[in-house]
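Shown below, as structure tokens, is a lone chain in the form predicted on its own; questions about how it binds or moves come after it.
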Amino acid sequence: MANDSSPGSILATDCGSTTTKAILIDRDATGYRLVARGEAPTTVEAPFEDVTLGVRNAVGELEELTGRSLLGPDGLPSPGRPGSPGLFLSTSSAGGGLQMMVAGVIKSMTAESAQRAALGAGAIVMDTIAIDDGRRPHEKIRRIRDLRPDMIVLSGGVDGGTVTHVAQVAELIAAARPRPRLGSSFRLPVIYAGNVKAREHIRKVLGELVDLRVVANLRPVMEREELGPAREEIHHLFMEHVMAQAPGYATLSGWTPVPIMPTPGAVGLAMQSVARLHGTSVIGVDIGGATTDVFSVFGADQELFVRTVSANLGMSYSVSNVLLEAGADNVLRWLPLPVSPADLTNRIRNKMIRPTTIPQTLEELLIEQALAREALRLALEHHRTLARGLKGIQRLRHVGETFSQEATGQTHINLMELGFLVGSGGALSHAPRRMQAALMLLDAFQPEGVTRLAVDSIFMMPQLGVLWAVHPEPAAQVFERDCLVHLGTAVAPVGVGRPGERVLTVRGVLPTAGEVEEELLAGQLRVLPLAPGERADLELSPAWGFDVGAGKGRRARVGVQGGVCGLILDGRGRPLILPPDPPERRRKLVEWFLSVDAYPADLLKRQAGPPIRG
């Protein structure tokens, strides 16, 4: 139960680029629960140019749904009830969210640290400037001048090191004389988080041209990265400069006692809180219309948090970029029906003309979900490039080998250690059948060993993230009870076997099925009954050459949790390799989809049809 200082009612809004969402949370005898959700178009742009109108409209829909008065006589949000004080919170990505550039000396070292700081603070990184980025000075200057970011983070050098190189980057920024995207009368904020020895020189070069803020070095020594001070300053400047210039945000800020948080930053905070709550590693993904965000939390104490934005991978406005980056063959490999590359291209062109349309037939749905698989796969590949250890450090490799310089940082993403995979966004949260969402996550991310799967039911993670910052208990209760839809647990042995050979034996007692001893064969996809809220202790015995977490061929005892999809046994192999022959591949996909009841059997068989000719 919440303590007496916790609010009785919580009203939280998220001002997105197109839609403003509002949720109402109440406390009852059992704790906190979601009461209702409302939404309305965001009104930050012309002709309204006042974000508070969209907030009031979304709250007005909540009033209609609940029959309660949530706006006071003065039009301000007032969620409290008699004798029960209320709280109003908000997040925002309206007006394009927080758009930043980062700069550093070496692209794969200090510039990458600056990029991690910006992404973790909820920003979209528009470009990265570095001495070694391959562009000539005048090209970098023009790029800085043309992009007009909300702010720039400049980093470079360890404390006490050489000043020359970071000074060169600062002089490029000075030559560009950049202007902020919003508020033409304001100077562009620049955060310097580099070598302390260069601070005075940086002030001389940039102090009169920009709003310069100096914080602790992101890389005080080569072996350590300190992102906290830079991220805090980014949040502060986001409120002071970016939000203050957006129409209506000054008014909105006055309505809430808690600073408005960038939507991606709030989701990242929610992911970190989930990892600590469950004591496990987490990967979260939000696949939107224009971008796909990936969040990961790994480490013994869940201390390794990374967020990336794949700005050109989305399911509506950026869907053509998915096809361009993935290639038609990679999209078509997920389709159980014959579609030619030309037909696929034409369908995606139609989607670009009408980006907000949703699939109307099974064929359209299968194509959209094939594109979603590739967008998710590419976003994870992008995420791996930043979710890694520091480059340039000295590391002892093994006994008998001297210290050598690490050429590339090792990724933090270990899919065998992953305990929780959470999906969000329309393609996942609103899939007609939950098993479709589970398959998209399994196919795109290919989790290994034992992994829980879930989707965000109505995308309330931003509101819960900002709530977690001030009242963790209500946020955790609503997250578990109303936010997540638990799909179930996936068991995926690592290894590749010949079709039909045993890869795993599962033994245990399931609440519904009783005592079970099931064999999983190579190439199979199966489901065992394990409903939401049910748990089971299982013994997993992999075949020689296969691993479920304890080592090749070694048995593992694991606890698994149920969900709407049950216990999913994935014997398709890791890595997942599809048959190269198109007709055989389509036949195999139909077999998998039918084995887990992912699509209507009659429609799927009819759509698959005869093999395509030519």
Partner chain sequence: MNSGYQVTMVRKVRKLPLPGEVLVQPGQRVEPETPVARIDLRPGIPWVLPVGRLLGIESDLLPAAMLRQVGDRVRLREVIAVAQKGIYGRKEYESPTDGVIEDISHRSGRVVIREEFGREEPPISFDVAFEIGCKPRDLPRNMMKKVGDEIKRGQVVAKKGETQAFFTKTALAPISGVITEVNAQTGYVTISRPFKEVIVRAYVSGAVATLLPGRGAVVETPAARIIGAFGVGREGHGRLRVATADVLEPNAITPEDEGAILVAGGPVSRETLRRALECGVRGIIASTAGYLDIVEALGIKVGVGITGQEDIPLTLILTEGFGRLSMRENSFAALRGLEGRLACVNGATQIRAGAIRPEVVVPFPGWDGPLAEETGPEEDLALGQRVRIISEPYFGQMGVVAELPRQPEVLPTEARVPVVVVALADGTPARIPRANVEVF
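Under this definition, the rigid core comprises the largest set of C-alpha atoms superposing within 1.5 Å between the forms. Residue numbers count along the first chain shown, from 1. Fair warning: this is a prediction, and the values are worked out from it, not measured in the lab.
Heads up, the form predicted in complex with the partner chain isn't pictured, but that's what we're talking about next.
Of S108, N330, Q168, T512, which residue is found within 4.5 angstroms of the partner chain in the predicted bound form when only non-hydrogen atoms are counted? The residue in contact is Q168.
Note which of S78, Q477, N312, S541 lies within 4.5 Å of the partner chain in the predicted bound form, where distance is taken over heavy atoms; exactly one does. Contact with the partner chain in the predicted bound form is made by N312 alone.
Given that the partner is absent here, state which listed stretch (460-468, 380-388, 252-260, 173-181) has heavy atoms within 4.5 Å of the partner chain in the predicted bound form. Partner-contacting stretch among the options: 173-181.
Spell it out for me: taking the partner chain in the predicted bound form, does every residue among L415, P583 and K588 have a heavy atom no farther than 4.5 Å from it? No.
Contact flag, L603 vs the partner chain in the predicted bound form, heavy atom cut 4.5 Å: Taking the distances in the predicted bound form, the answer for L603 is yes, it comes within 4.5 Å of the partner chain.
Indicate whether the partner chain has at least one heavy atom within 4.5 Å of a heavy atom of E473 in the predicted bound form. Contact with the partner chain, no.
Is E364 close to the partner chain in the predicted bound form, meaning a heavy atom pair under 4.5 Å apart or at it? Output for E364 is yes: heavy atoms within 4.5 Å of the partner chain.
4.5 Å heavy atom contact, I358 to the partner chain in the predicted bound form: Yes, I358 sits close enough to the partner chain in the predicted bound form that at least one of its heavy atoms falls within 4.5 Å.
Since the partner is left out here, which residues of 121-155 would have a heavy atom within 4.5 Å of the partner chain in the predicted bound form? In sequence order, R136, P137, H138, I141, R142, R145 come within 4.5 Å of the partner.
Quick one: core overlaid, is H430 moving 2 Å or more at the Cα between the shown form and the other one? No, its C-alpha moves less than 2 Å.
Residue shift check between the shown form and the other one, rigid core fit, G497 Cα at least 2 Å: After core superposition, the C-alpha of G497 moves less than 2 Å between the shown form and the other one.
Do you see a C-alpha shift of 2 Å or more at V169 between the shown form and the other one, with the core held fixed? Yes: V169 shifts by at least 2 Å between the shown form and the other one.
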